[in-house]
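Before any questions on how it binds or moves, here is one chain, the form predicted alone, in structure tokens.
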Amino acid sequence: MKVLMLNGSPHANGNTALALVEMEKIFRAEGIETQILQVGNQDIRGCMACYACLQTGKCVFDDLVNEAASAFASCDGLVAASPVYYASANATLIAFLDRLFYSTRFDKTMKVGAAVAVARRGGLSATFDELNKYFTISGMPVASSQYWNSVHGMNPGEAAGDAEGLQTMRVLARNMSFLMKSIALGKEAYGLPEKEQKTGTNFIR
């Protein structure tokens, strides 16, 4: 089994990375492979709604989004972690997720998603909610912990002092591991849920 972990911070070794590493320890103990992808310091432009990906199966901008697509397709779980900017996720990570989720046409049903927010003080729950929406629109179960998936810290390494936050990360990784393994067993026994042909309606007629 494999988890793809996205570091949405521009600081590769900051507090967001510290939270991901805490989760990574548990995944390894559970026998789950991990890949941490540094997103927040990359030059990622936003989606321009050209819809070229509907024909080609990949984004027209050939950058980290297309590089990550195969890892996303093969993983059993995805962790999206971000620092908090104005009660929101890092704009680079959001641009990346917009394009990654829209341009990849494979079925994401029952891949497990987890959002992690890191902040000095406030805006964590709004960022957590923002990131979870990518999972819930894609048929991906959302992993939970003992509290909202968040860690506090401003200067690099400060999050190491947030004992509750780090414990939350460990519990999250254990719960996510259990959920992925349980889904794998469920797929063997029952397969994936039946799919209906998607119905799309517009509000303006």
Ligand SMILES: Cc1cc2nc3c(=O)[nH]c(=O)nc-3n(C[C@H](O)[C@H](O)[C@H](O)COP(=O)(O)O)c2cc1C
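Predicted model only: the values in this text are computed from it and were never measured. Position 1 is the first residue in the sequence shown; the rest follow in order.
The form predicted in complex with the named molecule is left out here; the points below concern that form.
S.K.: Even though the named molecule is not shown here, does it sit in the predicted complex so that 11, 118 and 122 each have a heavy atom within 4.5 Å?
M.R.: Yes, each of 11, 118 and 122 comes within 4.5 Å of the named molecule in the predicted complex.
S.K.: In the predicted complex, which of 105 to 113, 130 to 138, 78 to 86, 92 to 100 comes within 4.5 Å of the named molecule (heavy atoms)?
M.R.: One stretch meets the cut-off, namely 78 to 86.
S.K.: Of 52, 154, 48, 29, which residue is found within 4.5 angstroms of the named molecule in the predicted complex when only non-hydrogen atoms are counted?
M.R.: Contact check passes for 154.
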